[in-house]
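Taking the form predicted on its own, here's one chain by itself in structure tokens.
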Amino acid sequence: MSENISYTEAAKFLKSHDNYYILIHSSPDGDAVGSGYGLCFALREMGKKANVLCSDPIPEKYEYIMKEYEPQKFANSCIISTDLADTKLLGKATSMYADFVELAIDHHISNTGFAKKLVLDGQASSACEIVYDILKQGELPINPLIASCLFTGIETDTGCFKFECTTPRCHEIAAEIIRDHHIPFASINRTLFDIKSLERIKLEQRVMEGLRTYLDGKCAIAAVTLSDMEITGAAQEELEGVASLPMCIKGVSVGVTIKEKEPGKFKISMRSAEDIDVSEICRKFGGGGHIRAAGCTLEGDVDSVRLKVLAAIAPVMGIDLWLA
């Protein structure tokens, strides 16, 4: 298991090496991108060399970050991770590094302790919040680019400050970033939450048409198949945010999105609005995450996967699946 270290100790660790690989999870979201690249740019400002490694393409919406990034050439790297709860989430291209992570920076209570050293705060809104405090407490550099990265993760993981993980501290950090670094926060928020491709809009329409409610209307399940992706022309990296669609329905306590990543293999995203711990449900399938937002992977076809998910959720709600 990992040795838990403080923010100050993490800052000292970052100062102690010269070359870094930063691992983020596959299907990267705003917090993975923001924390990974924000830390990468901070290390480069310190005179270190650093690259971010991800098995999947970075979604186009984060172009305002990626246009500033060019991979560097170096060897003998210290391997760290951000926003990664389990090395099973790395994906094929970066799984070779799974057993060599020296430091993990994370906010998932389900973190498996895969790294030698761990900075974990399950009360933090995001990994970006933790990275920000590490940089501040360690008196490490934060410039407008780094600040924009960290703002991105806080905004996306809090749903623009509407999710339960929102805390006074993350509001304070966002305010400090806007005040001290004058980032284009309005433009960033519009890019993150308002602008979508026509293909994504068509996909949302198709997903909502197929969405169904179960368990006395308390559970809603949406499915995104490879066929849906092909018909609408939407790209895999455009799926971020689809998991929130089932929770838009009045009366729904648990929203589930079943996304087909490859034939017969589905990524399950669960969300809850009340006192249901979806991380515990996902843990039964080898996954995990947060109390209100978690995920796992299942194999089969859409119908069999949907039934497995319902069978796990029903007893938590105190409902007999076969009578619902």
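Numbering starts at 1 and follows the sequence shown. Just so we're clear, the structure is a prediction, and the values are computed from it rather than from any experiment. Rigid core here is just the name for the largest C-alpha set that superposes within 1.5 Å across the two forms.
Below, we refer to the form predicted in complex with a further copy of the same chain, which is not included among the displayed structures.
The shortest heavy atom separation between Asp228 and a further copy of the same chain in the model of the complex exceeds 4.5 Å. For Asp275, no non-hydrogen atom is located within 4.5 Å of a further copy of the same chain in the model of the complex, even though that partner is not displayed. Taking non-hydrogen atoms only, Val101 never approaches a further copy of the same chain to within 4.5 angstroms in the model of the complex. a further copy of the same chain is not drawn, but in the model of the complex it has a heavy atom within 4.5 Å of Arg179. With the partner removed from view, the residue among Gln137, Gln236, Gln72, Thr166 that has a non-hydrogen atom within 4.5 Å of a further copy of the same chain in the model of the complex turns out to be Thr166. For the marked spot (Glu3, Met46 and Met66), a heavy atom within 4.5 Å of a further copy of the same chain in the model of the complex is absent from each of the three residues. Looking at 107-115, 188-196, 93-101, 73-81, the stretch with residues near a further copy of the same chain in the model of the complex, meaning non-hydrogen atoms within 4.5 angstroms, turns out to be 188-196.
Of all the residues from 196-216, those having a non-hydrogen atom no more than 4.5 Å from a further copy of the same chain in the model of the complex are Lys196, Leu198, Ile201, Gln205, Met208, Glu209. Remark: with the core as the superposition reference, the CA shift of Asp121 between this form and the one not shown stays below 2 Å. Core-superposed comparison between this form and the one not shown: the CA of Gly255 exceeds or equals a 2 Å shift.
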